[in-house]
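Next up: a single chain in structure tokens, the form predicted on its own.
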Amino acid sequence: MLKTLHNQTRIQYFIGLAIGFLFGFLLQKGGVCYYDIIMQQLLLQDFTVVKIILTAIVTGMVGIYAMRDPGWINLHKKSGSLGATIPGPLIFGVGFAILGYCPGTSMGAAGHGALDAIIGGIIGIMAGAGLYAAVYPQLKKTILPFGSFGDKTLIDLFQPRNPWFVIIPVAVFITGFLAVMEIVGL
């Protein structure tokens, strides 16, 4: 069934759209689509955003490898570089500082009618994507390849016989950290 799904573009779009709506719904229910919550996170007063991000990391890491092992999915690692890694977060940070939302939370906020997210977020995302597409050919030749570090993942760095020897300790550490945050009241 999964092999036939690979050739069904319309079904893939529908699944992607459904997952996008579910993701937005969960962001909304988690409260991270509200400007005040994000600002409180940046001021280190409310750690809801960090908790959601860490939970997503554990869920994604375990879920991806749980689907990879039986052959339901294939991983296609991409190589990274300093030229691709450093400018992105800097631009992201500037946009985050100006608007008070990241791209995902701005879409969630736009979904519940926040005008700042609708105007600033959607227009900013479209303008940024358009600008990036326009300059990509030049970036690909100049900035993006600078400081290449290959397609190594955390699992590749430790080179275990079984990736679960890395996944389980990392998941336990993050889950423990989340538990400590709850106990301490963060």
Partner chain sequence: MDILQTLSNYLSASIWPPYMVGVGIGILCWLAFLLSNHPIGVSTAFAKSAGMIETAIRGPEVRKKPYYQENRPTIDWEWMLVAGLFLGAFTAAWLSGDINWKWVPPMWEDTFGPSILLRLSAALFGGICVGFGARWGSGCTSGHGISGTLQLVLSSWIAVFCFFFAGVAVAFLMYRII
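C-alpha atoms forming the largest set that superposes within 1.5 Å between two forms make up the rigid core. Positions refer to the first chain, counted from 1. Nothing here was measured: the structure is a model prediction, and the numbers come from that model.
There is another form of the same protein, the form predicted in complex with the partner chain; it is not shown, and what comes next is about it.
Quick one: does Tyr132 come within 4.5 Å of the partner chain in the predicted bound form, counting heavy atoms only?
-> Yes, Tyr132 lies within 4.5 Å of the partner chain in the predicted bound form.
is_contact(Asp69, the partner chain) in the predicted bound form, heavy atom dist at most 4.5 Å | No, Asp69 sits far enough from the partner chain in the predicted bound form that none of its heavy atoms falls within 4.5 Å.
Taking heavy atoms and a 4.5 Å cut-off, does Gln12 contact the partner chain in the predicted bound form?
-> Yes, Gln12 is a contact residue.
Does Gly16 make contact with the partner chain in the predicted bound form, using a 4.5 Å heavy atom cut-off?
-> Flag for Gly16 set to yes.
Residues of 159-186 having any heavy atom within 4.5 Å of the partner chain in the predicted bound form, listed in sequence order | Contacts from 159-186: Val166, Ile167, Val170, Ile174, Leu178, Glu182.
Under a superposition restricted to the rigid core, does Thr85 display a Cα displacement of 2 angstroms or more between the shown form and the other one?
-> Result for Thr85: no, shift under 2 Å.
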